[in-house]
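Shown below, as structure tokens, is a lone chain in the form predicted on its own; questions about how it binds or moves come after it.
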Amino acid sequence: MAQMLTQTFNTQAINTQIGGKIAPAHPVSDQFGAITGHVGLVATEFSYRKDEEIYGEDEPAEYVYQVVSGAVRTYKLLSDGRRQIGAFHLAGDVFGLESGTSHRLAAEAIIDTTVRLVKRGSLEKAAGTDVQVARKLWAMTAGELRHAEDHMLLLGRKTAMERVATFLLEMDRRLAVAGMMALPMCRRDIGDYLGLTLETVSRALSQLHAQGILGFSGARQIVLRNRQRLHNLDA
């Protein structure tokens, strides 16, 4: 069951109520925070358990979301039961932006996750009267479109090894801390994102490890030892 917290955005900081106490404010530096702060919107914060649904496919798209902590996958179930993951959303990422009135994909928490959300109608109203808000919303929408185009190319034209290399470079860019990336998603998630079987993903990772391109430091902790060779595989 998702737990709810409510917070008011301002242009300087966010005060988050946790367990009845106000946590120290922290600066808003992301596009989503800048938009909500600029127009003084009130956001609601929810916490979800691992694998808990945030919203379902074809449900009304009434809110826009941002990951505060944790990770989210958006996916579609095909008619034969297979799952295609469209994107992984990490801390700071915005998701749930839709061109229509309903969600094209479902969204689930990959691990214990906290998200904040604002009413879509409030954002659209603000964008209708504020050019700055409209531009930032367009920038976020364009970013999602660019990712969808890149993902379509990956699924349609790249080999299994190229897909895994692309994924690792993406996660390295978005997740790596001190040279190591701790993946929140399991290999089955990775396979469903790349259009590969679990066995193919595991085999590709093992090959990259054997070639000295990456190292493992735990089940989901990966160190890239030779980024140039990985870039060459991606190319």
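What you are looking at is a predicted structure, and each value in this text was computed from that prediction instead of being measured. Residue positions are given as counts along the sequence shown, with the first one as 1.
The form predicted together with the DNA is left out here; the points below concern that form.
A.B. asks: Judged by heavy atoms and a 4.5 Å cut-off, are P60, T74 and Q84 together in contact with the DNA in the model of the complex?
C.D. replies: Heavy-atom distance to the DNA in the model of the complex: none of the three under 4.5 Å.
A.B. asks: If contact means a heavy atom within 4.5 Å, which one of 166-174, 193-201, 61-69, 41-49 is the stretch that engages the DNA in the model of the complex?
C.D. replies: The contacting stretch here is 193-201.
A.B. asks: Taking heavy atoms only, is A134 within 4.5 angstroms of the DNA in the model of the complex?
C.D. replies: Residue-level check for A134: no, no contact with the DNA.
A.B. asks: Does any heavy atom of T159 come within 4.5 Å of a heavy atom of the DNA in the model of the complex?
C.D. replies: Contact with the DNA, yes.
A.B. asks: Taking any heavy atom pair closer than or equal to 4.5 Å as contact, tell me whether C186 reaches the DNA in the model of the complex.
C.D. replies: Close contact exists here: in the model of the complex, C186 approaches the DNA to within 4.5 Å, heavy atoms only.
A.B. asks: Flag G218 as yes or no: does it have a non-hydrogen atom within 4.5 angstroms of any non-hydrogen atom of the DNA in the model of the complex?
C.D. replies: Result yes; G218 sits at the interface with the DNA in the model of the complex.
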